[in-house]
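Presented as structure tokens, the chain that follows is alone, the form predicted alone.
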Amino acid sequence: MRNSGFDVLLSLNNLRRLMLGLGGTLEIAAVSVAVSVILGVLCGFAMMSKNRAVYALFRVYLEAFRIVPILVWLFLFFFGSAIVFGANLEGWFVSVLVFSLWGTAEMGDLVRGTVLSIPAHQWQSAEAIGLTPWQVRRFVIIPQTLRRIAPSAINLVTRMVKTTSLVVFVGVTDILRVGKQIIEFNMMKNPMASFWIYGFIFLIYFLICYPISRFSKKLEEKWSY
């Protein structure tokens, strides 16, 4: 058992460190998701503006975060802020900022697409019975938007959780970085430690993301029409 490297994973100290790293990962994901949902809804409605300048601004913002890899944005904010502005931003702050901007862009596009998919006659019928534009959005459009967008939004959450593994490159102590430290410390004595540690990290991500993915699928089946 010792030669297999499994004892490295069974170490209570190593498990505790991995759980602390997992806490850092989930903290970044939770804060980013909360910010993305709130700002994404606002961004989605802003992207429907008839003002061409406003629409173009949000479109460029969306495409920038779709085309440029998240890792590049992390490096740009982490190293660029120090070079250009002389500000040494913490890796945790940069990670939350980048993931929030990315999530807001993706959520905004989901909201925009969902609102546009609602038949025009529902807007017209609501206005015909005397509802104001704000009441139409509040009582007719927004409830339907939230219902239709829920499965896609939940899938976005799983993507954000999985992509948080990139924060290791800006010095954030997440579960992947802790795992790497444990492996490097034990590599000489237990060459197989990497198999068990990375296998455990894979299992953790699976146990977090799979139920969320299944929940999204159930909502999609239940609310499809």
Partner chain sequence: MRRTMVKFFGTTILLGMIVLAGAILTGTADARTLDEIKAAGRIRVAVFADKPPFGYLDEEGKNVGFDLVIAKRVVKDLFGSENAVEWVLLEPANRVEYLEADKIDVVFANFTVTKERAEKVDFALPYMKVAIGVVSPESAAVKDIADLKGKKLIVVKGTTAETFFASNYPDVELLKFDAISEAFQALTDGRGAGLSNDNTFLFAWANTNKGYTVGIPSLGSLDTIAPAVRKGNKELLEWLNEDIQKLGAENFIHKAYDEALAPYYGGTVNPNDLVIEGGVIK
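The term rigid core refers to the most C-alpha atoms you can superpose between the two forms while keeping them within 1.5 Å. Positions refer to the first chain, counted from 1. Keep in mind the model is a prediction, meaning the values are calculated, not measured.
The same protein also has a form predicted together with its partner chain, omitted here; what follows describes it.
- Proximity of F45 to its partner chain in the predicted bound form: non-hydrogen atoms within 4.5 Å are present.
- Interface residue remark: Q181 is counted as part of the site for its partner chain in the predicted bound form, having a heavy atom within 4.5 Å.
- Although the partner is absent here, F79 is a contact residue: one of its heavy atoms lies within 4.5 angstroms of its partner chain in the predicted bound form.
- For the chain shown alone, F75 is a contact residue for its partner chain in the predicted bound form, at least one non-hydrogen atom being within 4.5 angstroms.
- Site residues L116, L203 and F215 are none of them in contact with its partner chain in the predicted bound form, judged by any heavy atom within 4.5 Å.
- Of the residues in 79 to 105, those that come within 4.5 Å of its partner chain in the predicted bound form through at least one heavy atom are, in sequence order, F79, A82, I83, V84, F85, G86, N88, L89.
- Once both forms are overlaid on the rigid core, the distance between the two CA positions of G80 between this form and the one not shown is under 2 angstroms.
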